[in-house]
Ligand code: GLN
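What follows is a single chain, given as structure tokens, in the form predicted on its own.
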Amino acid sequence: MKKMKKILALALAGAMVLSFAACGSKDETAKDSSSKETITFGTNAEFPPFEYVTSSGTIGEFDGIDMAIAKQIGDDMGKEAKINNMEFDSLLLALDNGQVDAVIAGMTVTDERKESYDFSTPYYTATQVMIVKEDSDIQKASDMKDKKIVVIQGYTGETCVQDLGYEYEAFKKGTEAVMELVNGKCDVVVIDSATAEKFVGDNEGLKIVEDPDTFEAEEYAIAVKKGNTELLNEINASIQKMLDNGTVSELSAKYLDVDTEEDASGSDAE
């Protein structure tokens, strides 16, 4: 009888060990499936068609050309792309502080920025243009003198107007700037060309005026911390693949055809 009890006790102990092992295996599996690495991009979702807030976006509530590129970079790296939305002027500071891994926000590569940050392969070329009313007499940049000019704070358009020596008013949101023009409270908005196309398409009575002699072409790229070569190389590999296979061109065509007016006007973030 004692021998039988000993055998039963050993069998029970073995079953318990197997049970705990199985539970441990399940826990580890669950842990592995929920601990996928992430890459966090900083953006300013006020810049359609590159980034804006919508009810169902490519990454959470965020959509646009840049957001689709960010998601693809994450997929290529085997990571989940996440978005930290903030004011444009705060993006590079957030990168410095480690709040984000990279910045993708229709950000123009400049010599000044390159002194402190590393930039990816450029993925888009744009220029500054002027949005005016259809009956406006502004035909070139010099015609803006003595006009009421509006720009978006921190954007390249603000720098261009500063360089021209003209007075201006800066808004934090592109939609607010354009509504100033729509409502007759300003004469011209200086902004990036692709975004200008979206705003003009979404608001009747506006047109775009170009002045290539004044506004030079600029390149958009992704910013990372200075010296973060490993991340930069991974981002570059993904961008180059998207450039080579036509993904970037396809995204540009797709999002330039997307109506973002309702989403932009109905969201606090826009």
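Just so you know, these numbers come straight off a predicted model, no measurement behind them. Residues carry their position along the shown sequence, with the first being 1.
Keep in mind the form predicted in complex with this ligand is missing from the figure; the text below concerns it.
Among the residues Val100, Val189, Ala81, Met107, the one placing a heavy atom within 4.5 Å of this ligand in the predicted bound form is Met107. Contact annotation: of the candidates Lys133, Arg113, Lys147, Lys140, the single residue with a non-hydrogen atom within 4.5 angstroms of this ligand in the predicted bound form is Arg113.
Using a 4.5 angstroms limit between non-hydrogen atoms, Phe88 touches this ligand in the predicted bound form. In the predicted bound form, no heavy atom of Gln72 sits within 4.5 Å of this ligand.
Among heavy atoms of Asp63, none comes within 4.5 Å of this ligand in the predicted bound form. Heavy atoms of Thr175 never reach within 4.5 Å of this ligand in the predicted bound form, leaving it off the interface.
Although this ligand is omitted here, in the predicted bound form none of Phe41, Thr121 and Glu234 has a heavy atom within 4.5 Å of it. Remark: of stretches 215 to 223, 197 to 205, 238 to 246, 53 to 61, the one touching this ligand in the predicted bound form is 215 to 223 (heavy atom within 4.5 Å). In sequence order, Gly154, Tyr155, Thr156 are the residues of 143 to 173 having a heavy atom within 4.5 Å of this ligand in the predicted bound form; the partner itself is omitted from this view.
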